[in-house]
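Here you get one chain, nothing else, as structure tokens; it is the form predicted alone.
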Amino acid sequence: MQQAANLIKSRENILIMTHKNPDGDAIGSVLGLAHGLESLGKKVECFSKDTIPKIFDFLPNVSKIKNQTIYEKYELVILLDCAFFDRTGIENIKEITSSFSDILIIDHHPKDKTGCDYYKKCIFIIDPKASSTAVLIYELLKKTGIKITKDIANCLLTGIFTDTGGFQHDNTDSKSLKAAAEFMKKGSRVDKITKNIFSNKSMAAIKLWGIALSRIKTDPETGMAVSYVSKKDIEDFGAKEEDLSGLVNVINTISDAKFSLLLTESGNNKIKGSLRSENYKGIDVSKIARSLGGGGHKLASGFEFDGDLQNNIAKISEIILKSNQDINYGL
């Protein structure tokens, strides 16, 4: 933390990046850090390859996150909520990262790779025990001597709130609650975050959820609950992929489900898989995600697969079966 704080203080032109398909923790962490660094007089730009979901429009200066940038012009690049630049979705990774003079990586996901060419010039803050990247940003801002404002509080509380499932998951720890308490003292409101993220769904989103919930299948032997949403479903209801946020958690609430899987067919010939479980259920879904080229936490992971949904369900099923020979994870 101290090395990172010293590096930040010594650099003026800073780029903050996060992973593709950014979630609440990624977005809240990027914006919270950006607000903090700007209070020091730093010139800060924020990058996400994918568009920010509209449910996060309530966050202060969310439009600051752009999907285009000139990577070579920055003195310091900070990567948040992932430990590897290939997860950002940018092309020519090796060429681009070689132009970075200083790199700071902050993440709370376990590293599933041994390293990359750019690792030798990185400073790392990686803590898999942290509930969220937003908690780590909060600690870094304090170490840097940055005052927590209401805008910073709103952003970072959103990150903690979303990655703990509204303080319901077992990663909700004392550090998260203490940080949340300070953010609320600064004027951030949990009810506002809840309304915007969980309780502000369009008619199209509700109908899309309805069709997905009606398709749920469970395997009584393995305890898997699975459903899917096709590209056609999304188009027929006039919905967006972001409208599916939170659905996999609802599927995971089925009483006899050990873990849940939601498959989504996106418009760029990709299948996205979201996996969820709970600690007491004894399933490590990150193992499944890694077998499909993804990653994440033991209880919340994801993957992306090339192809259309109809022709790849059997292939996904086979890979999941091989990754867990002791349990029959059939789709």
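Please read all numbers here as calculations on a predicted model, not as lab measurements. The numbering used is simple: start at 1 and walk along the sequence shown.
There is another form of the same protein, the form predicted in complex with guanosine-5'-monophosphate; it is not shown, and what comes next is about it.
Of the candidates I55, L263, A300, C46, A300 is the one whose heavy atoms come within 4.5 Å of guanosine-5'-monophosphate in the predicted bound form; the others do not. With a 4.5 Å cutoff on heavy atoms, E278 does not count as touching guanosine-5'-monophosphate in the predicted bound form; it lies far away. In the predicted bound form, H109 approaches guanosine-5'-monophosphate with a heavy atom inside 4.5 Å. In the predicted bound form, guanosine-5'-monophosphate sits beyond 4.5 Å of every heavy atom of K287. guanosine-5'-monophosphate in the predicted bound form is approached by R87, whose closest heavy atom lies within 4.5 angstroms of it. With guanosine-5'-monophosphate left out of view, the stretch that reaches within 4.5 Å of it through heavy atoms in the predicted bound form is, among 31-39, 267-275, 47-55, 65-73, 267-275. In the predicted bound form, R276, G294, G295, G296 are the residues of 276-296 with at least one heavy atom within 4.5 Å of guanosine-5'-monophosphate, listed from first to last.
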